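Shown below, as structure tokens, is a lone chain in the form predicted alone; questions about how it binds or moves come after it.
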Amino acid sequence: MKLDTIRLIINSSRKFINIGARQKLWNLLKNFHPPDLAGFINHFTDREKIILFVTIHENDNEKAAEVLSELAPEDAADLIQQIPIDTATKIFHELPSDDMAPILELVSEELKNKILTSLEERPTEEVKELLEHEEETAGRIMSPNFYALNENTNVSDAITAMQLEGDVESAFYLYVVDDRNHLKGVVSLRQVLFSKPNTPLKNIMTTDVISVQTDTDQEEAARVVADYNLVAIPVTDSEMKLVGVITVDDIIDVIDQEATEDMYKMVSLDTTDRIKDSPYSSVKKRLPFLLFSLLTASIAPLVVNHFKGTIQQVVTLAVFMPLVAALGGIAGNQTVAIIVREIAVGQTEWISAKKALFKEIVVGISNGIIIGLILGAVSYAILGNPYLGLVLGLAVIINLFIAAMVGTLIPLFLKLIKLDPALGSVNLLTMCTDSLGLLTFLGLGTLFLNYLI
């Protein structure tokens, strides 16, 4: 949607809200899809959001539920806590259990209990079961609604059973179980439609079923779905009993969430920090990371201070210090981004890191030689001292080698010790490239001091 159109819709909506023209507001919004409405909501103040959302609910409760499910769980929980409890309850009646759970986890305990109490018995139990699973696991994001029939059921009875069951969120496959609900196989709905009526499901099912368990990390579940090109994946408990299904729309949400988390962590940001937060809230979230950055960055000044005698004699070295540090940081960040991505998609582990490390070192040295030669030639042309060009060129080559090696090893090591590879990688990398890069540059400057004066 074009930016001008979005701006017009937001301005018109705000005008209708301010004059109390709720029916005109609904007439403006009713033809938009829930994802579009969810995108609009984030442009309004808290008061405007409530009026807009309640207006949608009053005219189309199902659409209000779909809008809520399209919002980020943090935004949805914040909105739910500001609307009347009876309105929230009616909206939650329309939400699938797997969409309810992440929102209820973020609201106050009192509100969560009120909503759960007001819901019908079956959905309440489903949501409670989902909330029992750890956050960011397959069990938390799975849907408990799916087609599953006994392996001895014939095709005709299976079609009848599905028709009586009605539409479910994960209507992609028919799962086949035994008498104890153990997952035995899977049948596509196409196979069911084109098989003879008296054929038992066990005769047409695929027994090699790709599945995950309830405690599987959601990122791993998303990777499996992507690797095998699935539109849904069954979830089993520790006894291989079928308990839920994760659909591709949930997988897309996971991928988006994990990508956002990695982006935040790589720049040392709390994943809950939002532009709408108060300054106090953002300061509280960002200050610890900045203090950690202060600690890691303080090593470089110590290195520079150690060589202050060299710098006093050859002031020109101070001119090139930021350049050496910056090139190392940029090259290192490139390597970190590549390695974190490879870890995220399951392509690289500590045990198989030799190939990745060798490749990144070759890239680092190659880039270092090219850039080092260019900087050495330019500095010689400008300042007329070949030794300064030599010192600068060698320092860049060594620092880009360090950046490649450290940028590869840091995320792999964090993964080895069960920490998020994106967490702290940039801070630790900057500490190494700045301190070791300056140590190399100023150390070489000291070594060639007699030729630089």
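Basically, rigid core = biggest C-alpha set you can superpose within 1.5 Å across the two forms. The first residue of the sequence shown is number 1, and the count goes up from there. None of the values given here were measured: they were computed from a predicted structure.
Just so it is clear, the following notes concern the form predicted together with another copy of the chain, a form of the same protein that is not shown.
Residues placing heavy atoms within 4.5 Å of another copy of the chain in the model of the complex fall in a single listed stretch, namely 297-305, out of 90-98, 130-138, 297-305, 107-115. In the model of the complex, another copy of the chain sits beyond 4.5 Å of every heavy atom of residue 74. With a 4.5 Å cutoff on heavy atoms, residue 238 does not count as touching another copy of the chain in the model of the complex; it lies far away. Proximity of residue 47 to another copy of the chain in the model of the complex falls outside the 4.5 Å heavy atom cutoff. Proximity of residue 342 to another copy of the chain in the model of the complex: non-hydrogen atoms within 4.5 Å are present. Shown without its partner, this chain lists 150, 154, 282, 214 as candidates; in the model of the complex, only 282 has a non-hydrogen atom within 4.5 angstroms of another copy of the chain. Contact annotation for the candidate site: 163, 231 and 311 all lie close to another copy of the chain in the model of the complex (heavy atom within 4.5 Å). In the model of the complex, 322, 323, 326, 327, 330, 331, 333, 334, 335, 337, 338, 339, 340, 341, 342 are the residues of 322-343 with at least one heavy atom within 4.5 Å of another copy of the chain, listed from first to last. For residue 398, the Cα coordinates differ by under 2 angstroms between this form and the one not shown after the core has been superposed. If you fit the rigid core between this form and the one not shown, you'll see the Cα of residue 29 move by 2 angstroms or more. Shown in the overlay between this form and the one not shown, fitted on the rigid core, is a CA shift at residue 413 smaller than 2 Å.
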